[in-house]
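Just one chain is shown here, as structure tokens, and it is the form predicted on its own.
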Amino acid sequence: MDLETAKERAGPREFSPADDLPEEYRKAATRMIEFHANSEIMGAYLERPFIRQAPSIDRKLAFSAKVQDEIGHGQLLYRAAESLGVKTREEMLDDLANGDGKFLNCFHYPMESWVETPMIAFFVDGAAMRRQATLRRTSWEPYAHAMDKVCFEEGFHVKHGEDILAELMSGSKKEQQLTQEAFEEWWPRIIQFFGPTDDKSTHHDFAASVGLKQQSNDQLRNAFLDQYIPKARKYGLEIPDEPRIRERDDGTYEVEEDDLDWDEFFTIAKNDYEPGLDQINGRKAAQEAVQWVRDTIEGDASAAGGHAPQAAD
């Protein structure tokens, strides 16, 4: 199939591994899905310490389940990317561990306090739901199928994060103050979750033309603001003065995008942000720590003349 035919046919769940797709499509889809898979893994590693730090057994159980879900989402997405025939799952995981794999901006920042957990579990996961809901109509069928499961589980994650936020904002004055301070720190990062502005996006036009993406970065960003500014205010959070948010006559919102630190964003996008290197190195150390498990499984399978089961990550 040539590229023009692919563009003509592009529609929700239109293409599968049985289709002879042009290289441009397969590479673009691989880049997009690999980025998504990496982000699921790195988000899980960012939240994993809070299984122990959670203030109650119920919170510990919920965080443990959430981290397991996110790792599982990464596995689904690596398989959806692998089915395009450009890179193997192992190559993608190695690139992530070696600092070559890209992932979402929010997961490059350290998270050190319990009051920061709803910034990821409610706001970032809520932003992810806005984006992922549109990807259920992506043209690469294995990706869309993965989104069915991911969206179902992410809905629970958002509710979990919202419950933590409600608890913190109905707690002591100190808890409320610390939560507000965390929100002010994370708010610009959350708004940048959707990527660069449309005029700076290098991948959107092609991805949209072949049905991989359904909405632009700015469309998703503004839809998120419309939904989550009222929710933030509902729990008593004050929207920071910067970046400036404009309320239109129809009650919808738009951010003054020039107020955001795009230099830092693009430094992060190149994996050159210094604090983010700790996240990347932590992932590499974790992969190396379980290499003996993979080696043992592969060795046992070879000795038995069979096939090794897939090692966990």
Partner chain sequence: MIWEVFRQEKTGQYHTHCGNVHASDREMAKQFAAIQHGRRKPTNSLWVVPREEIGEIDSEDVAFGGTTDKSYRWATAYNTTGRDASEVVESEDEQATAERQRGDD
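Residue numbers count along the first chain shown, from 1. Everything numeric in this text was worked out from a predicted model, so none of it was measured.
Although not depicted, the form predicted in complex with its partner chain is the subject of the following passage.
At a distance threshold of 4.5 angstroms between non-hydrogen atoms, Q227 is in contact with its partner chain in the predicted complex.
With a 4.5 Å cutoff on heavy atoms, D69 counts as touching its partner chain in the predicted complex. In the predicted complex, at least one heavy atom of K159 sits within 4.5 Å of its partner chain. Its partner chain is not drawn, but in the predicted complex it has no heavy atom within 4.5 Å of L277. With the partner omitted here, the stretch from 26 to 34, 240 to 248, 59 to 67, 255 to 263 that lies within 4.5 Å of its partner chain by heavy atoms in the predicted complex is 59 to 67.
With respect to its partner chain in the predicted complex, the three residues M129, D148 and K234 uniformly fall within 4.5 angstroms at the level of their nearest heavy atom.
For the options E185, D205, D94, D163, the residue carrying a heavy atom within 4.5 angstroms of its partner chain in the predicted complex is D163.
Between the options L168, A133, I191, M111, the residue in contact with its partner chain in the predicted complex by a heavy atom within 4.5 angstroms is A133.
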